[in-house]
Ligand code: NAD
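Next comes just one chain, in structure tokens: the form predicted alone.
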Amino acid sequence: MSAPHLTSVESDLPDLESLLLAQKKAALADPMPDHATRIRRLDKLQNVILDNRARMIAAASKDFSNRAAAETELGEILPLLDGIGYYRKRLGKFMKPQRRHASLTVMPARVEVRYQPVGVVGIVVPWNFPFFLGLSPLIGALAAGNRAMIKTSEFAPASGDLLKEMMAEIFTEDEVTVVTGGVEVATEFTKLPFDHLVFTGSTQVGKIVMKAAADNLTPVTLELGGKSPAIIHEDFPLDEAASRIGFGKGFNAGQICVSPDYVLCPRDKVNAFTAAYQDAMTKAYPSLRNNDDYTGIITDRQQARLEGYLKDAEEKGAEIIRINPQGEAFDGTRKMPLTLVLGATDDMLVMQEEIFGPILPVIPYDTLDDALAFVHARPRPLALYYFDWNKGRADDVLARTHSGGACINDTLSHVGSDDIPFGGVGPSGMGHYHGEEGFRTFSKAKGVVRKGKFNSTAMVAPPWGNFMYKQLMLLQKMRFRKRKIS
């Protein structure tokens, strides 16, 4: 889940190259950890999460100035435990070599694919989910038999320090190590010759990371962001849509890469949706300033960015609706009301930049084709949400749109589904982890052909024109004929 880029200054750089060298040496000494070793590492990770559950909740809340305990439980801790359980149950199956078809030209032979750990995985963690987005890729990397280096975000320092302490408690530095620090450390970190690099953050910084990785030909998984739309069909009940979209927007105060970024609503239902959304959010958050259920904005700078978006929209003619049930003042806090923007246009920042906060533009549309055309005219998003009880129409929308992932009649939940891949497409990212795809991402699929004592190749070897070669060519001509094209 991406986070807008922030800058910081860091002078004391850790010895990143030595840390990586130690891990590479350890990986070379044990290039294919057995099933028991991998399970033991996952079990240790599960135990340290359980032991530090309360501390993780407190650290995240400190970093955000306030974050609901339930949001850290639901958005970070429970998905991590579920992910560990998923791999624990299926790891033996994933590790087995896969039998593949032996073509005529290599028979007789056994053909298979073996999945080998890539080696050392680098993981760059954003500030918005400082535990989940550090440990979720780690779970996949450990399941695949790798070692890992994690760079935490300096904008979630309490969480980063705790994560470093937790990993040092259960892993040696040549297994898993965590480094903290600012932009200088992050820059040097992404230049290291990892065997795979996972970066979660903004599209802008993702381009820089990919360029740095290219110097080492390091494969990358980029989890970026973009503007994820929520489309409401005209037949879908607005109260239900408002509640489900509101949950996705209110969670972590919208500081999620897959948070609904804008709503496409039937033109004649915009006012009704606006009223339903205000009602749903008032019920969810009857107060804001002193409400422990409502998360603050991560930094003053991020809050100023979001307020700047609203000012820009208002100056350009948009209607701003702040949902503040008790009319509270927020001076001196990093709380921001959930806010609707009506009449947003393409020249406004709220429609140009990923919002990453509790602001939700509502865009009217006349036909579903118009709504899809609006989405198609913009970069492919990380998530797409469509609300419609009609399965046929929903399947058609899925077929006609590209997005990293999608939910029908819900928001966010695809990220927590362990058995499907999570990742972006185009400007919203590349590659994925979670599920079986995560295991494959952090593994090298090595194709193997195993021959026995009988050397069939010798029978067709030069000099060409021998009997077996001629028979092979004759058989191929019988098998492959020009096909009639209808």
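Everything quoted here is computed from the prediction, not taken from an experiment. Each residue number is its position in the shown sequence, starting from 1.
One more form of this protein exists, namely the form predicted in complex with the named molecule; it is left out here, but the text below deals with it.
Checking 320, 183, 109, 81 for any heavy atom within 4.5 Å of the named molecule in the predicted complex turns up a single hit: 183. Only one of the listed residues (338, 124, 143, 230) places a non-hydrogen atom within 4.5 angstroms of the named molecule in the predicted complex, and that residue is 124. Comparing 204-212, 402-410, 87-95, 243-251 against the named molecule in the predicted complex, the single stretch with non-hydrogen atoms within 4.5 angstroms of it is 204-212.
Proximity of residue 174 to the named molecule in the predicted complex falls outside the 4.5 Å heavy atom cutoff.
Although the partner is absent from this view, residue 159 stays clear of the named molecule in the predicted complex, with no non-hydrogen atom inside 4.5 angstroms. Contact annotation: residue 388 falls outside 4.5 Å of the named molecule in the predicted complex, judged by heavy atom distances. With a 4.5 Å cutoff on heavy atoms, residue 136 does not count as touching the named molecule in the predicted complex; it lies far away. Contact check for 116, 218 and 220: none of the three has a heavy atom within 4.5 Å of the named molecule in the predicted complex.
Of the residues in 378-404, only 382 comes within 4.5 Å of the named molecule in the predicted complex through at least one heavy atom.
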